[in-house]
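In C-alpha cells, the next block holds one chain alone, the form predicted on its own.
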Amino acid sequence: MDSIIKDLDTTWQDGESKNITFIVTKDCQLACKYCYLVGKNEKERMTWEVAKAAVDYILAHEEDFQEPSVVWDFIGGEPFLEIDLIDRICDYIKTETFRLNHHWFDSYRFSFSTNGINYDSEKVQRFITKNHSHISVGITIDGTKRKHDLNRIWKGDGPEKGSYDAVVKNIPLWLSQFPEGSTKVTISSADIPYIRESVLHLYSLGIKEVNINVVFEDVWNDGDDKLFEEQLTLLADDIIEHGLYKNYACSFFSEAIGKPLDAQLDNQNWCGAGKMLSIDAAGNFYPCTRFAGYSLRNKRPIIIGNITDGIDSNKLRPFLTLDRTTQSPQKCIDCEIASGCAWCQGENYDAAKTDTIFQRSTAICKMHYARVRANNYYWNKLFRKEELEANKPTQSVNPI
C-alpha cells in the first residue's frame, strides 16, 4: 500500500491542510532553558487505546474535517521516544483511511520536530524509510556549539552538559534523507551575541533554510534590542557580501515584514489556534498544544472536548472569532511596521491579566522594531549590490 500512496502523493494540497497533533509524551532527554513546556514529566505518555480512539473519532466525523489535506503531527517532549507507538498510529491511519475511502487517504503528511538525539536509532530509521514519501522531519539545532549548549542541556541533577555533540552527528544523515530540511532556532536574551555565527554555522553544515525566532515570553532585558539589531546587521553583511542569499535563507530577513497593515484587508489571526486540534495522553482535545496544562505557567488548560464526547463547538467558537483587531491594543493596529510581528495565542492567554484569549502580549515589541531596522538594512544593501552589478560595464574585447 505504501507504493500506492507514493504514486498518489501529487494530491497533497499545501496550505490547505488540517493540523492534528498527538502529544505522545511529555518526556524529553533535554531540559532546554527557554522551553515553554514547563510541565514536562516522564509519566504522561499516550496509550495505544487513546491514540486509536482519537483517530477513530476524527475519521468518523469526516464532515467536520473537510480540509483537502491533513498534517498528522507528533510532538512531546521528544516524540521519537515513543517511536513504537507512533509507528502503530501511522500504520493505523493509513489502513483506516484506505478502508473508509477517506479523502485524506492520499493527501497527508506525518510531521515531526525532534531534538535529533535518537534520530539515527534503528527504529526511527526504519520508520522514516517506510514513510519517507509522506514525512517531514525537522531537527532542532541552535547553531554553534557555544550557542546550542548554552540552552539545550541534558536533563538531570549533575553539572550542566550541552547536547550539541549528540545532535550534530546526525545532521549529515538527516540531510541525506531530507536535503531541503530546515531547522528551527530559538533566540533568548542570553544567546543574542551568538546569532551571526550560529546562522553561518548552520549554513556550513548544509542546512539551507534557517527558521529563527525570538521567544514570545517577557524575558527581554534593557539593551537586548540594540544587540539583536547589531547581530542581524553583521549577519546581513556576511550573507550579502559572500552571496549566501543565492542558496540559503534565514527567516529574519523578508521583504514582507515591516509594513503597515490594513485592518480590513490584513485582519487574520497569526496562528491556527482553534483551526488545529491537539490530543493529549488523557484523550483531551485542545485548540493548540499551547493550551495544554504542561505549556502553561499561570493559567488553567482550555479543553474543547475529548475522545469520548467529541468537540464542544461552544468551547471552540471563541477561537474561530480570533483575528488581529479583536485581540490587539490600538498601538499594534496603528503600528507602521506591523507586518511580520508575530504572536502566540497560548502565550497571549497565559500572560493576560484575566482568563481571556483576546489580549495580545506585546513582550516582543522592541525586538520586532530591531528586526525591522536590520531587515531594512539587509534589503537596501542587497538591492544596492544588485543595482551596481547590473550597471557594471562589460569589458570589451579588441578584435585581433
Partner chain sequence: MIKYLIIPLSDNAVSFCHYNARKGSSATIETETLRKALIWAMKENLSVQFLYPSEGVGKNIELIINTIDHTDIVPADCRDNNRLKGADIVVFNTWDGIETFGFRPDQSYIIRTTTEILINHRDGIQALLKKVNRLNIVVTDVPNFNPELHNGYQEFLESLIPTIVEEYSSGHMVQLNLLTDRIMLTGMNNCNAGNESLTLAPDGNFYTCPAFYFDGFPAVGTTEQGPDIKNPQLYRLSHAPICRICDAYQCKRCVWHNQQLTFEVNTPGKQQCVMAHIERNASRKLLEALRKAMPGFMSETIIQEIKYLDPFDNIKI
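Not measured: the values here are computed from a predicted model. Positions refer to the first chain, counted from 1.
What follows is about the form predicted together with the partner chain, which we do not show.
**OP:** Please pick, from Asn41, Gln66, Thr356, Thr47, the one residue with any non-hydrogen atom lying within 4.5 angstroms of the partner chain in the predicted bound form.
**Re:** It is Thr356.
Original post:
Exactly one of Lys161, His242, Lys226, Arg317 has a non-hydrogen atom within 4.5 Å of the partner chain in the predicted bound form; which residue is it?
Top reply: It is Arg317.
**OP:** Within 4.5 Å of the partner chain in the predicted bound form, counting heavy atoms only, one of 229 to 237, 323 to 331, 164 to 172, 191 to 199 shows up; tell me which.
**Re:** Among the listed stretches, the partner-contacting one is 323 to 331.
Subject >> Site test, Arg152, Lys155 and Val215 vs the partner chain in the predicted bound form, non-hydrogen atom cutoff 4.5 Å >> reply: No, the candidate spot makes no contact with the partner chain.
Original post:
Does the partner chain get within 4.5 angstroms of any non-hydrogen atom of Arg297 in the predicted bound form?
Top reply: No.
Subject >> Any non-hydrogen atom of Lys275 within 4.5 angstroms of the partner chain in the predicted bound form >> reply: Lys275 belongs to the contact set for the partner chain.
**OP:** May I ask you to state whether Ile303 is within 4.5 Å of the partner chain in the predicted bound form, using heavy atom distances?
**Re:** Yes - in the predicted bound form, heavy atoms of Ile303 and the partner chain come within 4.5 Å of each other.
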